[in-house]
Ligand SMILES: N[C@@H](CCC(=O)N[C@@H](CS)C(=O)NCC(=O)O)C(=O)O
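The chain below stands alone and is given as structure tokens, in the form predicted alone.
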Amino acid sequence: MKLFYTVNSPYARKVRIVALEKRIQIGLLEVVLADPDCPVKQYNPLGKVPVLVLPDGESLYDSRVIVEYLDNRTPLAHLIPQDLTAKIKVRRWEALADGVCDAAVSVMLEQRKPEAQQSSAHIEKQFDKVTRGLNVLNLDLAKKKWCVNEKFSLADIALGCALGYLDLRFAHLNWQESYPNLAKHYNVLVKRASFKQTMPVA
């Protein structure tokens, strides 16, 4: 298997962490999406990463699809619970963490435009999503070690990737001060080998 990724994509990072936690060997192929010769479109018509190419040539895209495939590939340390109730809770955390990432990425792309073409209304709307998402995530983590059922799971991975992306792109937000439960949780996550090996590059 081979994974097309960009080093600072929080979604690709989520896949890489799952593979490391599950001890699944995958070949890593770093790409530059803006490169005219970028091969990603050959495997994902949307031209996005991550894309996992299977040994038979079939490709899987969208991080949520890929992580479910990897988690079910081996019985080692399931990161998505088999119990339906717990599974839905984990997926809910993942959806909100990914949603925070979606909004943050949208802001970053808007701010890359020439200043005269930027929409302050769009930036404000997306930052509002980030703030509301972080508020809920912070409250839900109160008095918890892990996000769901006191066990490390995909929920924690998705949350850690979202927070890592905010650190990378929006350090000025100082989210650690406003969301102490998230800060405490993140400080635990970044000590894991899988998080250390996939740290975004400034």
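Numbers for residues come from their place in the sequence shown, where the first is 1. The shown structure was predicted, so the numbers you read here are calculated from the model rather than taken from an experiment.
Only in words, not in the display: the form predicted in complex with this ligand, which the text now covers.
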(request) Could you check which residue among L163, V49, C147, L70 gets a heavy atom within 4.5 Å of this ligand in the predicted complex? (result) V49
(request) Determine which one of 153 to 161, 170 to 178, 60 to 68, 129 to 137 lies within 4.5 Å of this ligand in the predicted complex, judging by heavy atom distances; exactly one does. (result) 60 to 68
(message) Considering non-hydrogen atoms and a 4.5 Å limit, does this ligand approach L54 in the predicted complex?
(response) no
(request) Please run the contact check for L29 against this ligand in the predicted complex: heavy atoms, 4.5 angstroms, yes or no? (result) no
(request) Tell me, yes or no, whether L33 is in contact with this ligand in the predicted complex, where a contact means a heavy atom of each within 4.5 Å. (result) yes
(request) Could you list which residues of 1 to 31 come within 4.5 Å of this ligand in the predicted complex, counting heavy atoms only? (result) S9, P10, Y11
